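Coming up is one lone chain in structure tokens, specifically the form predicted alone.
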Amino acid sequence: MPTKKATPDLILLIVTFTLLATGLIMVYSASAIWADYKFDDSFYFAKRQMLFAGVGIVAMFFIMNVDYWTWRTFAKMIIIICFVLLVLVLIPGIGNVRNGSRSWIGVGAFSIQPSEFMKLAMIAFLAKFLSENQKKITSFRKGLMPSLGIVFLAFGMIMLQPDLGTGTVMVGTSVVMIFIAGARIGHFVGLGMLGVIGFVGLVISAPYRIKRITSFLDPWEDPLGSGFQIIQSLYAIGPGGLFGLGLGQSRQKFFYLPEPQTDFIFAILAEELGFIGGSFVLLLFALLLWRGIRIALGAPDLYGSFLAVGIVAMVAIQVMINVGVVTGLMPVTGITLPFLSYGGSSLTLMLMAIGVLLNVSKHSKL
């Protein structure tokens, strides 16, 4: 059993709470007008986000004090439970449909999204598999295929909802972990080509995905349809300038940018706080990733290292995709910005993941 230190990584803890506090402020600022119009309560989304944050913080501190080897012991059970939830969410009457995807289980605003929790479950499972089979990872049949097999099974079930964004983050995180474990680049090149073919097939099979791709390439081709969100997002970022219009002074949140408290909250942040505010948030994410990488490098065993790498990769991929979408560099995917976007499952999952990372830091030789 690894030796444990008295305290977790304090820099990581401070950065997490700073991002969380920024997110709570921005959720209220971005959603107040829409919430007052739709629910006659400007604090509607802010109050729920505070509740989700409270649950997430409790979960984070609890998990922070649970030895990370516990997740190795129960990794198989956890991922089986997540697979069961992915099956249940597809059943009419159990799974709820929102924005065209059957991705939630529960009632109203307090539903959970099983695909979000699958991301963390997959990290715990792959960390166990890779730490126990690292010498086999260079073998396509004995190492790479078994690990990727479980990943793409989960991806396939997530795509039945469908939820391409969450599935992409899970696959991307898993690929980073497997690559770090020592898989051959040649294997990845071959699988990458198959992946591109498969991705093209997924895009062609659903017309709305084709529209998302074309709107990303030229949003002004359909400014009132598929390109609307990207155009309104750019209209928010542009006027922000260096210092922004001022907290609470966004114009795009007045029913121009749809539901600005979710995927496009970074656009409202850039409009109100400017380049300085946006850069500050990105700097916080960079600090979080730096501390996570240090924790991974200093972990006393392979399992701890792979666990930390997976969490860092998950956060990094989500930030890159979300900011890329908001700034018009990538197609719209529906990926939330960690700690800032409104959403109970996403926020709780991220805080739980940080709790795991904080526990690894207790054992890490920083």
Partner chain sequence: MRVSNVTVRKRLTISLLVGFLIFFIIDVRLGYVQFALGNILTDGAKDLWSRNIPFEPERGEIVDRNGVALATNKSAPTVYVVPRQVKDPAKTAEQLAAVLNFSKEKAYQYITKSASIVRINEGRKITHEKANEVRDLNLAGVYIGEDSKRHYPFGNYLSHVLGFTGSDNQGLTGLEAYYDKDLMGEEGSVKFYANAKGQRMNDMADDYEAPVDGLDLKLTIDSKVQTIVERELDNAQAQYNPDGMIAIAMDPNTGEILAMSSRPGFDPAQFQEVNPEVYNRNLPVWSTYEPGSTFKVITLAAALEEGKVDLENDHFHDSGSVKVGGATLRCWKRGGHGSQTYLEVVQNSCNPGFVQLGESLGKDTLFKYIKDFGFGQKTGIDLQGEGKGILFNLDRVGPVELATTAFGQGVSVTPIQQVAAISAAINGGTLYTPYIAKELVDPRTGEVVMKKSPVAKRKVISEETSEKIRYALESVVAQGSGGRAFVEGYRVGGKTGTAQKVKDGRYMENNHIVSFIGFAPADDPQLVVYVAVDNPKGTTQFGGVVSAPIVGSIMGDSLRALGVEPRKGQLEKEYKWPDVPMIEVPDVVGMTKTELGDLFVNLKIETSGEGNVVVKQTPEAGVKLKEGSTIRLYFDNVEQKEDKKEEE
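Computed from a predicted structure; not experimentally measured. Residue numbers count along the first chain shown, from 1.
There is another form of this protein, the form predicted together with the partner chain, and it is not shown here; the text below is about that form.
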Residue among 66, 58, 51, 297 with a heavy atom within 4.5 Å of the partner chain in the model of the complex: 297
Listed residue that, although the partner chain is not shown, lies within 4.5 Å of it in the model of the complex (heavy atoms), from 86, 237, 151, 120: 237
Partner contact for residue 157 in the model of the complex: the partner chain, 4.5 angstroms, heavy atom: no
Partner proximity in the model of the complex: residue 265 to the partner chain, non-hydrogen atom cutoff 4.5 Å: no
Proximity of residue 306 to the partner chain in the model of the complex, heavy atoms at 4.5 Å: yes
The partner chain contact in the model of the complex: residue 254, any heavy atom under 4.5 Å: yes
Stretch in contact in the model of the complex with the partner chain, which is absent here, among 76-84, 272-280, 162-170, 89-97 (heavy atoms within 4.5 Å): 272-280
Three-residue site 43, 247 and 259 fully in contact with the partner chain in the model of the complex at 4.5 Å by heavy atom: no
